[in-house]
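Take a look at this single chain, the form predicted alone, given in structure tokens.
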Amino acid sequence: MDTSPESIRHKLAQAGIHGPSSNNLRLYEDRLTRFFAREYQRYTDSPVSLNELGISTDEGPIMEETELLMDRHYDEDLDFFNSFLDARYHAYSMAYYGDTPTSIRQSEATLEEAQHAKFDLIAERAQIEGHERVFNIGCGFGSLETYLLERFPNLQIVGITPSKVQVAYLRQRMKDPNDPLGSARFTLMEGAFDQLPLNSLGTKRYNLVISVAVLEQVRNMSAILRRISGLLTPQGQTFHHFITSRYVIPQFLDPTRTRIGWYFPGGRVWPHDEFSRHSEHFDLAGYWFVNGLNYWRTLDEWHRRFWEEAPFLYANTFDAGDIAHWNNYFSLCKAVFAPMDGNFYGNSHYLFRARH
């Protein structure tokens, strides 16, 4: 049996599975993008509020479907993530190419450089000085930890993740004394942030609690901020980076109503202003909207890399159904971020200071 990349791609094409450079997939993505553009324009012209929809961010569990999310997404085979993530950080979140549609499109940065730029921007907006004790909610593959430990020689960081695949990857890296994660300044916790006892995480221990690409899973914003406040010193701060929309998109607030919810069980897209209004325990120090074309470019590069490695995945890990599943995932996500020059659907940054 011929297992060459060309032969495997031919088999995939015969099964109706096409790569990002093909006319077939470009047409599909264009149609999806036009669909979302119409939806976004509809809610821009006739906005609705969470109150009108009867949706509260002050009630219910902090997060939902964590185990299903790990099983369906984050505990996918490591070969899958290795196929498309940047080699330096293994960052599974938006890279940063610029602050305007023009600068993003014209950027010549590699994925690796754009991920580094994202962490530079986060460090600046989170006002990291380099001496802090940091707690990272949802550390993923240790991308933020790698960046901070390399840049700030006196910083200490604790990362937590419920993903077994990520934990195994991180523990392997921690065995290497030459790896930033092999430093005694890094501590790994395994489990879900909202489920472990607060004192086991470190009550009143941290100067900064941070999250990157995690709070899309949050349902109860008041409860998670209350929990975060219990970890911070009296002068502590908390910073968060996650996907938001400019206006409320009702179907994106119910993970059972969209295809995105299949890939991210329990995930929601909150409007940009919602998280900033939660000031029970904090004073808002700043918040920013990050243009969504940054994520479109990130996803486009991930898609290209994934497709380059698809023959390897097909020969060793995935069947055709798996390839189609994740190929469609990249196309769907790109179409979500592309409309309106990235000004409707993107990421938001929030910085809060503990209230005395």
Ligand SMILES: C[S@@+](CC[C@H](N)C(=O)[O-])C[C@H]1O[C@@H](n2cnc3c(N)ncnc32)[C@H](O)[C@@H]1O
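The numbering used is simple: start at 1 and walk along the sequence shown. Here the structure is a predicted model, which means the values were calculated and not measured.
Another form, the form predicted together with the named molecule, is not on view; read the next lines as being about it.
If you check the named molecule in the model of the complex, you find a heavy atom from every one of 69, 160 and 212 within 4.5 Å. The single contact residue among 156, 166, 146, 244, judged by any heavy atom lying within 4.5 Å of the named molecule in the model of the complex, is 166. Comment: the named molecule is not present in this chain, but in the model of the complex one of 191, 261, 180, 250 has a heavy atom within 4.5 Å of it, namely 191. Residue contact check for residue 92: one or more of its heavy atoms lie within 4.5 Å of the named molecule in the model of the complex. Residue contact with the named molecule in the model of the complex: residue 74 places a heavy atom within 4.5 Å of it.
Remark: residue 63 counts among the residues lining the named molecule in the model of the complex, judged by a heavy atom distance of 4.5 Å or less. Under a 4.5 angstroms non-hydrogen atom cutoff, the named molecule in the model of the complex has residue 137 among its neighbouring residues. Checking 123 to 131, 106 to 114, 84 to 92, 273 to 281 against the named molecule in the model of the complex, the stretch whose residues place heavy atoms within 4.5 Å of it is 84 to 92.
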